[in-house]
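The data below hold one chain only, encoded as structure tokens and taken in the form predicted alone.
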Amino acid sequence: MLEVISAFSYAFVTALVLSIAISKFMRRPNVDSIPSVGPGGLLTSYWAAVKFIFYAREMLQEGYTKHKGMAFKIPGLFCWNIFLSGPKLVEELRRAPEDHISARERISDILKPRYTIGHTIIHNPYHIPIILTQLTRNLPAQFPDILDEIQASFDDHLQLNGYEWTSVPAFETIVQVVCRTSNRVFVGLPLCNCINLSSPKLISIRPDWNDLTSGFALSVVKVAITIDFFPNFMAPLVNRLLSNLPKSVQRGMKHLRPIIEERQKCLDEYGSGWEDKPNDMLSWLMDEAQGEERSAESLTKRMLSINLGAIHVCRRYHLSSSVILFTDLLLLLFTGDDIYWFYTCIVLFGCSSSVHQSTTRRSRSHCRGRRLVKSCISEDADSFLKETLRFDGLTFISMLRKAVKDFTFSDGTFVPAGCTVSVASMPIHRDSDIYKNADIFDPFRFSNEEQEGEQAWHQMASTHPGYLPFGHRRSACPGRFFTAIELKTMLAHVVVTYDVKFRDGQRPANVTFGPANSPDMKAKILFRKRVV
């Protein structure tokens, strides 16, 4: 009897999944005029959609090679994914009206903000211009704090014992370093690294606020992915079972409410320019918040959401952050390949060595303390990091959009409402018509004389139709300038302070999931204090 019930249950679930899939397929817009990569039939399109999960790089390259300068499509499980290629279409997508081709709606589909971070975060994003202007303008003033927190957090999290090698999980360590460093700018001391007397050792490594923000970011990603596997009418139930947003907000308010109330008193009494006003993200938000957004609950949600963007990554949906970028860079540099370490020393410190060991001991000893700050504004350092993103990109696509109304590009490509639209950035970054010797890693590619005509071409945070890790122009990541400073400072600190290697000398292979290309999250690396 139990076997019959079990078989019936499996059959029912299978029939339900198939009916939902077929129903969504039948409602997919007609995009027959756009060339396809892979089969596009009723059942065969699902095979192509599954194949894309494992072979996205190859399928995108195939589409780009066959239809360069045009649009092509690849089936998804529930909708058509349209990919653009060529600078003309990239510029048209950038200029497309938000009420036709929407970045906001695509992010909403990915993060499910109604259930995970709150509807107003997406639909009243007043924090975006604050990040782009206030945060960027204040980076020079914030740099001493950024450097101080990076040095302190690496010391706390590595817990090195003399000159002995210590194995640490790369990704988890960088999450905590970036979390502390970001929150030094977002909320300042002492909240970014406060000590819990009940467990001094643990909390010095993972302060409660940082533990909350990093855990919240991961929870949002998990809930959003899970909801995406269910039909829309089940989303509220799935959210009720899995989401910890209310608890996270209450936990965050225990930290932020006293700070917010104290600052609000000063704002009300002395105005926005009161003496000794903290120069951090929370203060900038409070200056701009209106109405209900001024409440401690709303400001806490906003701060948690900003941390989500700064700290974590959603690998399935190819959303990256400084955590994933630096983890990949760290694993790349210490592969045992002399060339990357050689370039790092030249770029950051103007010194070199013919062999890896002499670079590790003599050259780095000579460089210690030299140009640490200067290296963070070096054109060659920017070019080095920018080339790393171009050559070993962490996502194969960029400029994610959703068509909320029918839209027609100048070449006649018709995109019906409901389709997703993106740019196939990986093939663009490896296009020999755009980059000379595109398949060769050239750390000085963006700072050489040939590119001097381009405005700020060397800068990692600059955008271009041929360089799209951060998007392009007004739709580009607003925190990319902060990310660039963080990455360069962390890199410089690691290079001059530690010896680093893999246990077996080999870098673990990257993990790809659809268009995402990320380093192995479980990879461990060995650190020790630099041996002079």
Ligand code: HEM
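Numbers follow the displayed sequence, beginning with 1. Worth saying up front: this structure is predicted, and the values here are computed from it rather than measured.
We do not show the form predicted together with the named molecule, though everything after this point is about it.
- Of the listed positions (R401, R184, R390, K73), a single one reaches within 4.5 angstroms of the named molecule by any non-hydrogen atom in the model of the complex, namely R401.
- This chain lacks the partner; the member of P427, G309, G188, G118 within 4.5 angstroms of the named molecule in the model of the complex by a non-hydrogen atom is G309.
- Using a 4.5 Å cutoff between non-hydrogen atoms, S153 does not count as a contact of the named molecule in the model of the complex.
- In the model of the complex, none of the heavy atoms of T497 sits within 4.5 Å of a heavy atom of the named molecule.
- Within 4.5 Å of any heavy atom of the named molecule in the model of the complex lies no heavy atom of S36.
- With a 4.5 Å cutoff on heavy atoms, F470 counts as touching the named molecule in the model of the complex.
- Stretch 126-134 is the answer when you ask which of 126-134, 289-297, 237-245, 429-437 has residues with heavy atoms within 4.5 Å of the named molecule in the model of the complex.
- Using a 4.5 Å cut-off on any heavy atom, the residues of 467-483 that reach the named molecule in the model of the complex are, in sequence order, P469, F470, G471, H472, S475, A476, C477, P478, G479, F482, T483.
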